[in-house]
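The chain that follows stands alone, in the form predicted alone, written as structure tokens.
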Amino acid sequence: MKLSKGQILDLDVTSLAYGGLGVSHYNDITIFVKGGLPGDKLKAKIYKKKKNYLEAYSLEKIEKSEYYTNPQCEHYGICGGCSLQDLNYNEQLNQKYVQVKDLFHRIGKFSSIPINNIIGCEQHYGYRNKMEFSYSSNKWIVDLNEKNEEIDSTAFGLHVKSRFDKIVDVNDCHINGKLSNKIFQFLKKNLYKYNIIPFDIKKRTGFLRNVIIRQGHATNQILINFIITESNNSCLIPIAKSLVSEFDEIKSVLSSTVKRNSGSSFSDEEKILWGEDYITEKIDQNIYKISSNSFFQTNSKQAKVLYDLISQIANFKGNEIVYDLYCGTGSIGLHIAKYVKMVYGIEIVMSAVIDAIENAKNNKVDNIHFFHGDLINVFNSSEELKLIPKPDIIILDPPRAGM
């Protein structure tokens, strides 16, 4: 039977593909299904044909998966902030295991490599230490009968799935840290009150584009960065004062100016509205300085689990030379430094390198050095790096294509 776009099929979803699409088969043809969970029996409509597979989306669940669980978030399914809230967490871990095994054994042809179980996180919600919310005049309208268009067109939240131009007006973000969530809700109530003009991504007009909230879960410190499109940030001063008056935990309030056509929140024009330009986070015995643009693991508690696992797998003897590539603020290198001879960290973001150097100094770790550069060419272009010894172990987190 020849399948075509628009055709509706009854499908059994057997697993998840990398990226979260359900995997099903029809007459030996692989079909990836949006909204399909392992164990689902559903009706799906084909919307894309490729040479070796088809793509479809779920129309109706004939029989729900035994692994289905009620998502906590009222916006789940529309909001692009997270996925798979409706899949039992243990089954999520199992599906990740299957995906990794498939990558090594079937795709990579490394059939002799054993695949370990995925190590889960004890805290499934409220774990993130960084969130970036959009402030937009392009609200995703759920109820077409909503009134007062002038107010209701403004949204503070996250992008609709697969839409760059529409924002879900989020009421409560469950993956956000609890303290950060309270600050988010305070901002949601007060941005309009203080007449802060939202950004229109289609017209490239408006003032406030994003708000980044970073939280040190162990230190209980908060950094807030307003991503704006003009250098003059004076209109943010009243709301900054309100924030620090309401929340003692806030240690830093910043503004970063970006170009209106920029797709990034990184900026060279950063100004302090209140406090310092960083917060700190503690993992194990080390305290890390984190600036607004610095990369840091978004799950602080699970980061320690990861770092301890690196030490366990590497089985350091004490005489190793270690390269920590894409090292960010140096948290992995600093964590393992006590077990090795020397660590060399390399990072492309200068603010992260500066934080890493200061973190080493503050934690009294002297067998680690950090370098600024792009790994595409830094080993050929840097005279300093040409002089360092060859590595015994290289750490990549995350692994990068082409390395």
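Each residue number is its position in the shown sequence, starting from 1. Since we're looking at a predicted model, the values are computed, not measured.
Below: the form predicted together with a small molecule, not depicted.
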| query | finding |
| --- | --- |
| 4.5 angstroms heavy atom contact with the small molecule in the predicted bound form for residue 295 | yes |
| Any non-hydrogen atom of residue 374 within 4.5 angstroms of the small molecule in the predicted bound form | yes |
| Touches the small molecule in the predicted bound form: residue 81 (any heavy atom, 4.5 Å) | no |
| Residue 223, heavy atom within 4.5 angstroms of the small molecule in the predicted bound form | no |
| Interface residue in the predicted bound form among 228, 173, 327, 155, criterion: non-hydrogen atom within 4.5 angstroms of the small molecule | 327 |
| Residue (of 349, 357, 365, 340) lying close to the small molecule in the predicted bound form, criterion heavy atoms within 4.5 Å | 349 |
| Segment assignment from 267 to 275, 106 to 114, 160 to 168, 295 to 303: heavy atom within 4.5 Å of the small molecule in the predicted bound form | 295 to 303 |
